[in-house]
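The data below hold one chain only, encoded as structure tokens and taken in the form predicted on its own.
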Amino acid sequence: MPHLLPLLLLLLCLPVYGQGPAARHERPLPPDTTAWLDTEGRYINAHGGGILLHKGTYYWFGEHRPERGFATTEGINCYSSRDLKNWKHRGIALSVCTTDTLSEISRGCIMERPKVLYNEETRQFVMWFHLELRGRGYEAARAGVAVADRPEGPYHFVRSTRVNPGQWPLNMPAENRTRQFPAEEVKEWWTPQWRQAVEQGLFVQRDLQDGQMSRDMTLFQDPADGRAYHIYSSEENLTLHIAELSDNYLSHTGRYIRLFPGGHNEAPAIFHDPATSTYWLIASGCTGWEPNEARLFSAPSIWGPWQQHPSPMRGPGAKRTFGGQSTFILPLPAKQGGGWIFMADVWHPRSLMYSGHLWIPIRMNPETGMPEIERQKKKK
């Protein structure tokens, strides 16, 4: 565990358990909050987010959530830091459109789970996010993409789309691609017949022409070869997909797989352990804004085969992921001791703006080789 001590020292410096607003913050925060304040003393409004490390600076992208309601009124926020402790607000990286109500990202749409990668070949910063169109609730289930020349933006919206129209999953058996699903057997959800149909590809087949649904998502750039992947909750939030991105990261190649069809997993976060050449993925169940027990999966390749394990959370609060929901796993560079930080949101649905941020180091158990995540209480 050579990397564990530096990682723990770093995490002890982070204001994960701050208990109240700075004087410049106008409204009180919820009690027992995991509140973080930026360098101006304002609450860090960056939810469902992820972090990009570029030239020694960390860039944190997240949802700018309103004080009331769910729709996006501003866009995607960006903060930067060189030490993961002091965060400077860099402004709105991707703004909603305020002049064109027909724009896919017009004010009142829902923009969630933004993640950013840097493409070495194009020298562009590429942002993907979950997009719901204005006034349509969570019906659209689209993936949006935007680009910028600088990490902090401004990002320019390119398009939104369903994923991989006309393409079958690589790991979906050929016989399921032509299988018939009689309406009388699948119109009622959660029956044994319906569950079996979902596993066999009921919703994949339904959405084949227009593309697969994409909601909670993350991005992953494989350190082995630089290939990038879009990992998202699909099929009515019942099944995770891993889809390969094109060389410029702006579209999909058509290659994708399904993970545990019907498993009802969302909020994916992924990392790669070079010591064992293992890919680890942490997700949550689907219980709305309420926390639940985390799920853990592993594979020797991004393409699988994937297997499920017990939750990696340990200690008091583990059964509910310490009140949080996974959003991203941040790998730390070797010069900082290596290792990973598990990032989660502590949702406050009555005021999503004040949802908390929970960061915990990931420890690899030397005996089992499995990741473990234990929340340490702040010493008084």
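All residue numbers refer to positions in the sequence shown, first residue = 1. Everything numeric here is computed off the predicted structure, so don't read it as measured data.
Just so it is clear, the following notes concern the form predicted in complex with a small molecule, a form of the same protein that is not shown.
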_Using a 4.5 Å heavy atom cut-off, which residue among 235, 112, 244, 152 comes into contact with the small molecule in the model of the complex?_
112
*Find the only residue in 138, 118, 303, 168 having a heavy atom within 4.5 Å of the small molecule in the model of the complex.*
138
*Applying a 4.5 Å heavy atom distance criterion, does residue 289 contact the small molecule in the model of the complex?*
yes
_So, residue 325 and the small molecule: in the model of the complex, are they within 4.5 Å at any heavy atom pair?_
yes
*So in the model of the complex, does residue 207 come within 4.5 Å of the small molecule, heavy atom to heavy atom?*
no
*Considering the small molecule in the model of the complex, find the one stretch among 281 to 289, 73 to 81, 141 to 149, 87 to 95 with heavy atoms no farther than 4.5 Å from it.*
281 to 289
